[in-house]
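There is one chain below, alone, in structure tokens, taken in the form predicted on its own.
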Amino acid sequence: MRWALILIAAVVALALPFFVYPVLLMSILCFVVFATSFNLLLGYVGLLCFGQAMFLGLSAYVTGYVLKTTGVSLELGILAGALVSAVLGAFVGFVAVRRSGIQFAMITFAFAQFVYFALLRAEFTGGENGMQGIPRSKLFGVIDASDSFSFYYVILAITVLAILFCYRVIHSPFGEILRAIRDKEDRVESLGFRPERFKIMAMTISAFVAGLAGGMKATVFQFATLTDVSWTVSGEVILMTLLGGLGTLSGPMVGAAIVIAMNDELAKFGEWALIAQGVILILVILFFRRGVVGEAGALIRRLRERKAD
């Protein structure tokens, strides 16, 4: 059943740009990767990073700057942005992981605000006007990605690789330790492990994956703005994760798709889109605490138990 679902999802993903605007699909894929990076921290380590947008936005600017000034191939520009975000993630983690709960969230929020104002004042970012005209150089120096239709498949491939990477991290001995830290940190420490080190590593990996999303987003829209670094984007990714299902690999993907599609549909109503997001978050907290994927999984398990009885 699992492989059948994967096959169906692959066929649908390959066929979608023939029926749906490719830029909208690429935007969804970017936030799928971004939400997955956030879920890696909150869902599997129990760390609420309220500054996840700093990794997305910083990578977008770095990717744009590298592609505009060096003329390197597309994948190297995106990788450069992701690596810079990973370095920032390691530094933020080194400072913040000694705290937990709301203290950790506020420290990451403070770092995010610092990055926001640093990018606002930096000359290469364009300030409030943002960085415009980011080129789509050839992939590997050979494959032309200037057309949005063909570029969709490039973004889809990067998304699949990012998801597989996160899957491997989660289902590894390292991932088991992360879940143990989330559930019982004192016991992990009593076994001889140093939880801080694993938290810093998780923060670095999460920042790297978020950086991939930022680089993808910068090349999709061919510009980077301060909105990518703002606290509202950090709040939006929390909504995506909770809506889809915290602590599940597919949950943030579903949540990201729902939120981005909803924002696209409600864009003509202006601020009402934010009100709709707030209402949805309240409903999820009250009635769907495990998210769409979590509740669907629980329903399937209950049906199987009844059938077995």
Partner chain sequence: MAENRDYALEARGIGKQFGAFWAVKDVDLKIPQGSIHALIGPNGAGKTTCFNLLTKTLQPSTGQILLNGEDISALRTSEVARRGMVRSFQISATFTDMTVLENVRVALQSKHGHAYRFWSPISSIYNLDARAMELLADVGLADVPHLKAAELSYGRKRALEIATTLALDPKVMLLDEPTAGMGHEDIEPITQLIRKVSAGRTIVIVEHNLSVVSTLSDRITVLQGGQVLMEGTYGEVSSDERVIAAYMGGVEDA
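Numbering follows the first chain given and starts at 1. Computed from a prediction, not measured in an experiment: that's the story for all the values here.
The same protein also has a form predicted in complex with the partner chain, omitted here; what follows describes it.
- No member of the trio 91, 99 and 114 reaches the partner chain in the model of the complex with any non-hydrogen atom inside 4.5 Å.
- In the model of the complex, the partner chain stays beyond 4.5 Å of every heavy atom belonging to residue 80.
- Proximity of residue 174 to the partner chain in the model of the complex falls within the 4.5 Å heavy atom cutoff.
- In the model of the complex, at least one heavy atom of residue 187 sits within 4.5 Å of a heavy atom of the partner chain.
- Within this chain, residue 194 lines the site of the partner chain in the model of the complex, having a heavy atom no more than 4.5 Å away.
- Note on the interface: of 143-151, 125-133, 105-113, 165-173, the segment with non-hydrogen atoms within 4.5 angstroms of the partner chain in the model of the complex is 165-173.
- Between the options 139, 226, 239, 205, the residue in contact with the partner chain in the model of the complex by a heavy atom within 4.5 angstroms is 205.
- Between the partner chain and the residues 87, 120, 180, 72, the one pair within 4.5 Å by heavy atoms in the model of the complex involves 180.
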